[in-house]
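Here we start with a single chain on its own, the form predicted on its own, put down as structure tokens.
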């Protein structure tokens, strides 16, 4: 009757693909994938000769929303043909990936079995490479354009992760990146942080033999920094929030027990 399994390839080529995801790819009747470069595409097609890319659905001047809907349409067309379909996406298939969620919702609504398997995301790599514990002070995570247009409030006592800063302000394809709106992002961040506060520009290593890209930069200098197309910005806390004495009393927690 057709089915859908959505998997992630992880960030590093081959090294972060889970055994469960590998089986889903190799045993599928059809694999539809979105990955980052030609080498990863070649690897996918060696895992399953019935694999094909959805990358050509991207086009300059076309909103990513329309592209994501087109990807979900392609995935569902294969499922409706009675195929056991594997849709594979770079990183984690449920993290900053819209067509995976759309396709699963459509498949389940039409009565097809559909599932998503977990994978390694860029944020997982960031926590490991930067030595960050998101539970230490909390962590806010936003797509950079959404962060601006919705004027998201920032808690400076918690960490802040901003995705896709290399294309902030762009809703269509920008294959070379677009840094032209970075001054707007900096202006907004400076409403919450001092200009000398240090942030990190981060790109996970795409291959096991490579090192991640990690650049220290003052917030005031981000607009002139070498921000890559795939860069994520990590802004550490700039202050420490004191615990609420009344809440500590209600919970029966001595302040000396807190870090």
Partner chain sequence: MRGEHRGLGEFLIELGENPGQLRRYRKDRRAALADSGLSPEHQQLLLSGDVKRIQAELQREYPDAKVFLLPGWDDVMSA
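These figures come from a predicted structure and were not determined experimentally. Positions refer to the first chain, counted from 1.
What comes next is about the form predicted together with the partner chain, which does not appear here.
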Residue 127: touches the partner chain in the predicted bound form, heavy atom cutoff 4.5 angstroms:
no
Is there a heavy atom of residue 43 lying 4.5 Å or less from a heavy atom of the partner chain in the predicted bound form?
yes
Residue-level contact is defined here as any heavy atom of the residue lying within 4.5 Å of the partner chain in the predicted bound form; does residue 15 satisfy this criterion?
yes
Using 4.5 Å between non-hydrogen atoms, is residue 188 touching the partner chain in the predicted bound form?
no
With the partner absent here, would 162, 198 and 239 each sit within 4.5 Å of the partner chain in the predicted bound form, counting heavy atoms only?
no
State the residue from 88, 119, 167, 75 whose non-hydrogen atoms include one within 4.5 Å of the partner chain in the predicted bound form.
167
Under a 4.5 angstroms heavy atom criterion, identify the one residue in 56, 221, 27, 216 near the partner chain in the predicted bound form.
56
Based on heavy atom distances of at most 4.5 Å to the partner chain in the predicted bound form, which listed stretch, 180-188, 132-140, 80-88, 145-153, is the contact stretch?
145-153
Mind listing which residues of 195-229 have a heavy atom within 4.5 Å of the partner chain in the predicted bound form?
206, 207, 208, 209, 210, 211, 229
